[in-house]
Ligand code: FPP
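Take a look at this one chain, the form predicted alone, written out in structure tokens.
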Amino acid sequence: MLQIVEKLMREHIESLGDLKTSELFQKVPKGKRLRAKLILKIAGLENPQTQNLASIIELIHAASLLHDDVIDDATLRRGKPSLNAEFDNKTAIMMGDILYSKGFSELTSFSKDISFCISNAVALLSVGELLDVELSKAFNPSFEKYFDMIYKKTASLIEASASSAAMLAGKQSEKYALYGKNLGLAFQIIDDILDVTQTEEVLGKPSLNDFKEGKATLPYLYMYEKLNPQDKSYLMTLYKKELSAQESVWIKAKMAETGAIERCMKDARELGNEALLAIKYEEDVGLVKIITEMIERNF
């Protein structure tokens, strides 16, 4: 069914009638299509409106990734050159703007409630991007600021995907919104864990890249909390720098010593359980499997 979503996405872009835009769209990374899968499962695979909503959300998500790569000066996205690296920042930004704008124009065919739900989430996503930039200026030890940022930057659009799909299907949107929010938070925590635990070959980008970019993610917050003053000072000397092999080994050793990864996994699993509790009395349309696969994934 995701093939139909991919087809609709291409058709939305091709309807603009610009060959260059269509060619660039073929180079935009596809990602996991988590948001589309969520919408299709909640609102029904065969419903054309559901399929279209899924395609719109994925256009919007793809736009956010293009802008994110520019902000982070990223050169790789899932092991392939990012659009900004292959072309330039201007091209990536404008392509992102095209995807956002086309997504919003197609969104007008839906009810006011659904349109507002999605567009408000995109506003929060952008605020989250700005927060991420601000927090990267200096090491952030605050758990509250971290969770506020990842809610807005990552979880808000997943929350809106689940909520809007429930509206479309005539289900209780509040329950599915909570499921989506917790899924989004857990998803980001797992991403943060994998940045530490996995290799560049698996990730498609350098290991420990978050710290180099100035992102004090949850594993680093838990580790920092347990370090002695001397180790805290040393960690600060490594912040936002190209790490040597020895420095990378030190960080991973301290992660293990402080139990930071285990604490993060505990948080992710608790969020997953809370997500499932929110829809406990709803028909299982595969949302349990989404939670399980997302938490247990290795990339």
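No experiment lies behind these values; they were computed from the predicted model shown. Counting begins at 1, following the sequence as shown.
Beyond what is shown, the protein has a form predicted together with the named molecule; the following relates to that form.
When you look in the predicted bound form, the only residue of Q172, S119, S126, T197 with a non-hydrogen atom within 4.5 Å of the named molecule is S126. Taking L131, I71, L227, L208 one by one, only a single residue has any non-hydrogen atom within 4.5 Å of the named molecule in the predicted bound form, and it is I71.
Of the candidate stretches 230 to 238, 266 to 274, 248 to 256, 62 to 70, only 62 to 70 has residues whose heavy atoms lie within 4.5 Å of the named molecule in the predicted bound form. Among heavy atoms of K215, some come within 4.5 Å of the named molecule in the predicted bound form.
In the predicted bound form, the named molecule sits beyond 4.5 Å of every heavy atom of F139. The shortest heavy atom separation between Q188 and the named molecule in the predicted bound form is within 4.5 Å. Shown alone here, K181 lies farther than 4.5 Å from the named molecule in the predicted bound form, counting heavy atoms only. Taking the named molecule as it sits in the predicted bound form, the stretch 76 to 115 comes within 4.5 angstroms of it through a non-hydrogen atom at R77, Y100.
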